[in-house]
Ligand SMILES: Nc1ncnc2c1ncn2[C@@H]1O[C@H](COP(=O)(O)OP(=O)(O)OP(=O)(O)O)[C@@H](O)[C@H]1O
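The form predicted on its own is given below as one chain in structure tokens.
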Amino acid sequence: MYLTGLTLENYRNYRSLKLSLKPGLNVLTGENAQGKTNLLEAVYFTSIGKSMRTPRDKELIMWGEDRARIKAEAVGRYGRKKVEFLIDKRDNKRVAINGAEVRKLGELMGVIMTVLFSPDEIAVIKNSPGDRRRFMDIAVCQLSRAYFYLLSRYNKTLAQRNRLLKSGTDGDTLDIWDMQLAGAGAKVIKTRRGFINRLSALADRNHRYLTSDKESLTLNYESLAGETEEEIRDVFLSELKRTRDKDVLYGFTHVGAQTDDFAVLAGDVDVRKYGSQGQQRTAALSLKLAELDLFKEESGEDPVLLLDDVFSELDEKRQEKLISRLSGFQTVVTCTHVEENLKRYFTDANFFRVQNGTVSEV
């Protein structure tokens, strides 16, 4: 899969833009605060329906305007694809796929597949378990619309159970919601565990490549025990019963998929807690490259790789290894300038200059 075009209207600092992209390497250069990251954000938005920088869609609308439009066009193994968003200050966002408006955001999953890596993505490793859960869920949702709807059902059930806990409901009512929560939760946990198990081998391969075989990388999913859905559900129900008094006291659910995490081990070192910043950054990049590989293996499509100011965060050796690794994937890169040591890798790249909300091919 590769993007052929991006059209923006009243989006961030772009009044009007029509950008043509080509397969291979597309390099967006320019000074800071000119709009380079805004372009990657727009592509990412057409992929999952959310910004990576803000949970408030209306912040994407240009100052003083009432609505913004984003359109991305792509070519995949099954033909041409087009995703269009209308973001309105006074209404919910609207999305159309290949010209037909869709009511459920889940229908967007997998239409345009992207993998994003930026300096902020190190949060996947060093920040809270919530960041790692978000990483898993965004990736799995792009691979499976069914998982998107399953996760939505689990979160709605969890919210309802928490409301009941706060209201002081009786135990019989909680029993009913416990069954629903454990049933959906077991499916979520089993799906995530399978994803991490598959990703681990790919992450190890990429980590060995980036570190010149000096370090291995292992991912271990941390959740309730059990291999099958039935086993996980039974453990889930048992834990809900065990912690019910605590749940009632504090007004929220203490166990379940919403507390899960995955360990990231470089050799025997838990990189989440004890890794150096360099180790954490390399581990995060290994995860993203593994995600790229997994998407290709399981969907049959080459996802679009979005690299936002990544090279400035890597040493020279890892810069060169990353660039060498990108062959075969469409990649959109932002940077202020191309480092001297990388210029030989950019000879076939398509260059664009970004300046104050305008883009020109150079």
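It should be emphasised that the depicted structure is a prediction, and the values quoted were computed from it without experimental measurement. Quick note: we count residues from 1 along the sequence shown, nothing fancier.
Not on display, but discussed next: the form predicted together with the ligand.
S.K.: Although the partner isn't part of this model, could you tell me whether Pro303 comes within 4.5 Å of the ligand in the predicted complex, counting any heavy atom of the residue?
M.R.: Close contact is absent here: in the predicted complex, Pro303 is far from the ligand, nothing within 4.5 Å, heavy atoms only.
S.K.: Is Gln330 one of the residues lying within 4.5 Å of the ligand in the predicted complex, judged by heavy atom distances?
M.R.: Contact with the ligand, no.
S.K.: So, in the predicted complex, is Asn13 in contact with the ligand at a 4.5 angstroms heavy atom limit?
M.R.: Although the ligand is absent here, Asn13 would touch it in the predicted complex, with heavy atoms inside 4.5 Å.
S.K.: Answer for Glu31 alone: is it within 4.5 Å of the ligand in the predicted complex, judged on heavy atom distances?
M.R.: Residue-level check for Glu31: yes, a contact with the ligand.
S.K.: Want to guess which of 294-302, 61-69, 42-50, 320-328 is within 4.5 Å of the ligand in the predicted complex, heavy atoms only?
M.R.: Flagged stretch: 61-69.
S.K.: Residue by residue through 333-348, tell me which have a non-hydrogen atom within 4.5 angstroms of the ligand in the predicted complex.
M.R.: Stretch hits: a single one, Thr336.
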